[in-house]
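First, one chain by itself: the form predicted on its own, in structure tokens.
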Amino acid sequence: MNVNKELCMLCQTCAAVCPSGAIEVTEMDIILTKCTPCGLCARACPMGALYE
């Protein structure tokens, strides 16, 4: 998955829905580790900031 940092508001919705715990949201960034692009985070993102 990729993150459009201009749209991302660091709300942590993506991390909350990730079934593999692969998303870490910091004060400045979203870190995607061990992502298995299932798309749940992209569908849950209220800003549409995540995409494949």
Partner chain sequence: MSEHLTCDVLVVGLGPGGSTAARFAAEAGARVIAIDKRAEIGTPVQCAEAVSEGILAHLGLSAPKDRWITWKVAHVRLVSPSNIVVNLDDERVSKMKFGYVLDRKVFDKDLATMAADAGAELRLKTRFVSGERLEGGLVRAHARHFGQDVVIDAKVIIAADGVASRVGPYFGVKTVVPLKHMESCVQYEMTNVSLDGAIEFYFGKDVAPGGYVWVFPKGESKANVGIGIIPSLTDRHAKDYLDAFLASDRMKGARVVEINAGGVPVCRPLKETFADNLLLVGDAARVVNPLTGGGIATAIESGKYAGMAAAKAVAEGRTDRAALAAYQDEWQASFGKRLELFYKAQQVLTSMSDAELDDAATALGKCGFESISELELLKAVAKTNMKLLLKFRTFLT
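Every value quoted in this text rests on a predicted model; they were computed, and no experiment measured them. Positions refer to the first chain, counted from 1.
Quick note: we don't show the form predicted together with the partner chain, though the next part is all about it.
S.K.: Would residue 45 count as touching the partner chain in the model of the complex under a 4.5 Å heavy atom rule?
M.R.: It does: once the partner chain is placed as it appears in the model of the complex, residue 45 has a heavy atom within 4.5 Å of it.
S.K.: Would residue 35 count as a contact of the partner chain in the model of the complex, using a 4.5 angstroms cut-off between non-hydrogen atoms?
M.R.: Judged by the heavy-atom cut-off of 4.5 Å, residue 35 is well away from the partner chain in the model of the complex.
S.K.: Since only the chain is shown here, I'm wondering whether residue 18 would be in contact with the partner chain in the model of the complex (any heavy atom pair within 4.5 Å).
M.R.: Residue 18 belongs to the contact set for the partner chain.
S.K.: Check residue 23 for me: does it contact the partner chain in the model of the complex (non-hydrogen atoms, 4.5 angstroms)?
M.R.: Looking in the model of the complex, residue contacts with the partner chain include residue 23, since a heavy atom lies within 4.5 Å.
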